[in-house]
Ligand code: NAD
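A single chain comes next, written as structure tokens; it is the form predicted on its own.
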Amino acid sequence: MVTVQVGKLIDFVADVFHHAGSSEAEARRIATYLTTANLTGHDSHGVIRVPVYVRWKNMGAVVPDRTVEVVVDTPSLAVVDGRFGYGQTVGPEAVRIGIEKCKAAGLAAVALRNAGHIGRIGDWAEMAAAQGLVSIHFVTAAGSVLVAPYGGVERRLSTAPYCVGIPRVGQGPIVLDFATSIVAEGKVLVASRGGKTLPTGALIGPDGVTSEDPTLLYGPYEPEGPRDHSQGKGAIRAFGEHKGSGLALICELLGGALTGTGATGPDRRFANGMFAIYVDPKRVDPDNFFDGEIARYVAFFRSARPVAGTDAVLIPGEPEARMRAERMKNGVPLPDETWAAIVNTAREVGVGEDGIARATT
């Protein structure tokens, strides 16, 4: 295990993306968002993605330094095309448009199409919550056919994330952010590189037998080599049986079909689509009932007696806040295989050995 201090990790990853063709501003933005995912404990969406992003850039699947094109623009609705730019650039641009429209009208929706991987969706909910807004996000990943629907063994869905953010006065927001599969694909990637093992039965083979072996998704691979899910014969399972599978379908139709990205399917170019709704609570609630009722109900929710072996009932966003505090202090732990793959990518794009050494000294 390698532990890297937060500032050094951001500097190092920014150096990688700058060498890979992004401007300094974009490279630092990508590095910051990826590292933030690690800080919150979402290692699946963190710096483990560096080799994947660089490989996509080299393939032309993602384009450095793109900005969004506004296709539809009304007072309360926008459709924006990310033009296959890095998600860490076009994602916040789309969210800013939603925030501005919501503050003006009280309610807004933004359909983002054709974005590069937009990372941890909780970032965008937190961005809206910081402006006092509620947000709801339906996301798909066109071309990323990974998940078997309930009752099936063949891939038909992306991991189809769903996210809701609710601001709180004087406290961090409530952020519910999850893939509609048992695990995000990135967690399979983490497990394949020596990280946390998968939950029991997270994957399913064509014979209907469940497994926790990442080779079922990726096929055989070398420890430091690439992972290609097109080479695997199995699928990730949808969570929550018919309920998770049904929510995934809705994410595909709203995040994919409605945005114009397209729902997931074979032979599609990879792109994230996100349909996001923004609500200004102050417009809905002129009597300011909302804030007090959040505080009352959260206290009631958390007062439930915890089960044996659990310290307390937590609300969405609390585990991430605790992990962020711990990793800001002690650094970000990365499995040896993960770090080796990132370092190999750094060398491939031309980062010098002194730059690599600075990250861990």
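Numbering starts at 1 and follows the sequence shown. Fair warning: this is a prediction, and the values are worked out from it, not measured in the lab. Whichever C-alpha set is largest while still superposing within 1.5 Å between the two forms counts as the rigid core.
Omitted from view is the form predicted in complex with nicotinamide-adenine-dinucleotide (NAD), to which the following refers.
- Proximity to nicotinamide-adenine-dinucleotide (NAD) in the predicted complex, taken as a non-hydrogen atom within 4.5 angstroms, holds for one residue of 147, 276, 179, 115, which is 179.
- Only one of 298, 59, 70, 314 lies close to nicotinamide-adenine-dinucleotide (NAD) in the predicted complex, with a heavy atom inside 4.5 Å, and it is 314.
- The three marked residues, 155, 229 and 264, fail to reach nicotinamide-adenine-dinucleotide (NAD) in the predicted complex, with no heavy atom of any inside 4.5 Å.
- Within 4.5 Å of any heavy atom of nicotinamide-adenine-dinucleotide (NAD) in the predicted complex lies no heavy atom of residue 26.
- Taking the partner from the other structure, nicotinamide-adenine-dinucleotide (NAD) in the predicted complex has no heavy atom within 4.5 Å of any heavy atom of residue 107.
- Although the partner is absent here, residue 188 sits far enough away that none of its heavy atoms falls within 4.5 Å of nicotinamide-adenine-dinucleotide (NAD) in the predicted complex.
- nicotinamide-adenine-dinucleotide (NAD) is not drawn, but in the predicted complex it has no heavy atom within 4.5 Å of residue 237.
- With the partner omitted here, the stretch from 70 to 78, 116 to 124, 89 to 97, 280 to 288 that lies within 4.5 Å of nicotinamide-adenine-dinucleotide (NAD) by heavy atoms in the predicted complex is 116 to 124.
- The single residue of 320 to 351 lying near nicotinamide-adenine-dinucleotide (NAD) in the predicted complex is 320, the criterion being any heavy atom within 4.5 Å.
- Relative to the superposed rigid core, residue 122 undergoes a CA displacement smaller than 2 Å between this form and the one not shown.
- Once you line up the core between this form and the one not shown, the Cα of residue 173 stays within less than 2 Å of where it was.
- Core-superposed comparison between this form and the one not shown: CA of residue 113 displaced by less than 2 Å.
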